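One chain is shown next in structure tokens, namely the form predicted on its own.
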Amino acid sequence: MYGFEAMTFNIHGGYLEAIVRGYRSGLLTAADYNNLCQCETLDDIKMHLSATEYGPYLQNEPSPLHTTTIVEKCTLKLVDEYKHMLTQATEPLSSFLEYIRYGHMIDNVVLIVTGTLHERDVQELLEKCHPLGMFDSIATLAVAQNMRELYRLVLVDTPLAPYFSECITSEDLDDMNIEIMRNTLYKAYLEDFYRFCQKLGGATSEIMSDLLAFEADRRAVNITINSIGTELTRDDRRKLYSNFGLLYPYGHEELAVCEDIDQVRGAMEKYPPYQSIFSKLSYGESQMLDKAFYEEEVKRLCLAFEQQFHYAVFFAYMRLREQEIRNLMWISECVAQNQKARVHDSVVFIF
């Protein structure tokens, strides 16, 4: 029903689309970032943020401040906004908003399982979990010894249950298995989200397909680079790639056989959207690749706001706010550790 959203979209989605566009106008600008990069202490950062929408969340925090406090409070603002939108949403928007949470749920599951494997305190791990990815039985994840137990005891009653069908094995959990589990879950989640958006149709389907395809391709590149020099076979690597995206299927065939970063680069440069990303890097270098991908993602997310009457603005806003929190964390860490020279290294400007 592409082109006819304008007739009916505002009945259920108009109020929330207006809300999310209002939230977007509160994102920090390049001028804000330039001011933040000049700060000498974390209290200076707090003072500057007091003039932004983060002000009410930080105003009662005593000195001396810690980076974790700033990140925690900024994340709390994002969670409050998300919950407000979720309580106002009706189907299918409420399901769409729920899908946005599942990525954080997967990260939390992996964090708890990895922490338990290394005998960390469960309470300490729970404090590190992202609040958007919390669910009722998350604390009991610590009892599981292998994937099957993890699924049977805990995850069967969570929204992640359908994604686990592919990675239930009786092998004991170790670092390698946990990483494979994370990527298998993410693959199933992205494919499910992609199918859901296709069903919605219209502008939502068109814009979200592009954003999710980019996410799937980025994960394929990261999986390839991280698995170089490990015991992961080519077939295992190929199984972790999502079955959609610009690289699917021929790019995946090439990435599966790559042995070093320059071969990855050679495979990716055949695709014009990614050629520009890799052209920013010198040969043999992968450290700045994350930043280059984030910059490209931010560009695409901002473009989502150029169209009206679709749900992709909710996804784009959440991602942009998360990027902003990453920026604030980097700036705060550089200031706290007196590394002002590196402050611009990982900041991705949004506007």
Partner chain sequence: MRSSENGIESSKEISQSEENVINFLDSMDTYLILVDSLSSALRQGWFELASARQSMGASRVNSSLFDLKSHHASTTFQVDEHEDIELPHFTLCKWASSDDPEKYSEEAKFEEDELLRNKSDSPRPQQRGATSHCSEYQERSAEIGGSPVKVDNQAEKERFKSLSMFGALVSPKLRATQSSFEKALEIVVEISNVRSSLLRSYDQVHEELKNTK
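Computed from a predicted structure; not experimentally measured. Positions refer to the first chain, counted from 1.
Unshown form predicted together with the partner chain; subsequent notes refer to it.
Residues placing heavy atoms within 4.5 Å of the partner chain in the predicted complex fall in a single listed stretch, namely 176-184, out of 156-164, 176-184, 206-214, 89-97. Not one of Ala142, Tyr194 and Arg319 comes within 4.5 Å of the partner chain in the predicted complex, counting any heavy atom. Contact check for Asn338: a non-hydrogen atom falls within 4.5 Å of the partner chain in the predicted complex. Contact annotation for Asp290: at least one heavy atom lies within 4.5 Å of the partner chain in the predicted complex.
Within this chain, Cys334 lines the site of the partner chain in the predicted complex, having a heavy atom no more than 4.5 Å away. The partner chain in the predicted complex is not approached by Pro273, whose heavy atoms all lie more than 4.5 angstroms from it. Contact annotation: of the candidates Lys199, Lys280, Lys128, His84, the single residue with a non-hydrogen atom within 4.5 angstroms of the partner chain in the predicted complex is Lys128. This chain appears without its partner; in the predicted complex, the one residue of Leu78, Met134, Leu232, Leu246 with a heavy atom within 4.5 Å of the partner chain is Leu232. Shown without its partner, the chain has Asp107, Leu111, Thr114, Gly115, Leu117, His118, Glu119, Arg120 in segment 105-120 as residues with a non-hydrogen atom within 4.5 angstroms of the partner chain in the predicted complex.
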